[in-house]
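Here you get one chain, nothing else, as structure tokens; it is the form predicted on its own.
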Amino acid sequence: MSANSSNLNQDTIDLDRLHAAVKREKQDLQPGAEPVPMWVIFLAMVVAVIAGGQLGMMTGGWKFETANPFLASTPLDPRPGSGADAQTADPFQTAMKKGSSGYAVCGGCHQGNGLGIPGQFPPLAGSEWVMGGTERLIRVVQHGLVGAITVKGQGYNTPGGMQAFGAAMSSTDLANVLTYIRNSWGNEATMITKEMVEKVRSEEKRSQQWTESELAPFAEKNVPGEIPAGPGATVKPSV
């Protein structure tokens, strides 16, 4: 073997060793596997800090006594309207707020604006059935209504009639919804309380829907009871 061939083989071996060393120092990266740039990581951290601050504000702010799971006492409820604030809330405003949610079961027929559907579902806005005697209104919702009725001088005959909600709603929920419809869309009337609903329920022994003629004696009759707040309140607010 010549000297030139020996030198060539030696150079090739040295070059292979050099390439192997380079590979050990730095591996080739596949396309798309490059490391995330530092500016992207920094931006994500800034966004997380800002979002955490906003979330804390919406939940009443971070408090040690609320977040610490090892406290012996019951943690405070950070939700708005809870705790002492809920106990001192105006009963009328509380009923209106909860009644607006409960009205969802009525809005499909009487519509969100309380105007109903001509010929089928009577309006609640300005309705004498809503603004009239509280006893008739409670009885209607308790056991439903069937047959032709007249509301604001217009005739209505809902197919199958109005369903009964007495079994599906508690006395409190029913009172809240009735208070809501009596004070929405321009209506203004006294609130209906849980005690009023319970009084009618205890006296009413019925299993079928009412008709307009059967409810005529209760058209202007109000269920007795104190009205804690709102229009026509009879209870003096505590000071």
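We number the residues from 1 along the sequence you see. Everything numeric here is computed off the predicted structure, so don't read it as measured data.
There is another form of the same protein, the form predicted in complex with heme C (HEC); it is not shown, and what comes next is about it.
Looking at heme C (HEC) in the predicted complex, residues A95, S171 and V200 place no heavy atom within 4.5 Å of it.
M191 falls outside the set of residues with a heavy atom inside 4.5 Å of heme C (HEC) in the predicted complex. Contact check for H143: every heavy atom lies farther than 4.5 Å from heme C (HEC) in the predicted complex. Although the partner is absent here, V177 is a contact residue: one of its heavy atoms lies within 4.5 angstroms of heme C (HEC) in the predicted complex. Remark: P122 counts among the residues lining heme C (HEC) in the predicted complex, judged by a heavy atom distance of 4.5 Å or less. Residues of 140-169 that come within 4.5 Å of heme C (HEC) in the predicted complex, judged by any heavy atom, are V140, V141, L145, V146, G147, I149, V151, Y156, N157, T158, G161, M162, Q163, F165, M169 in sequence order.
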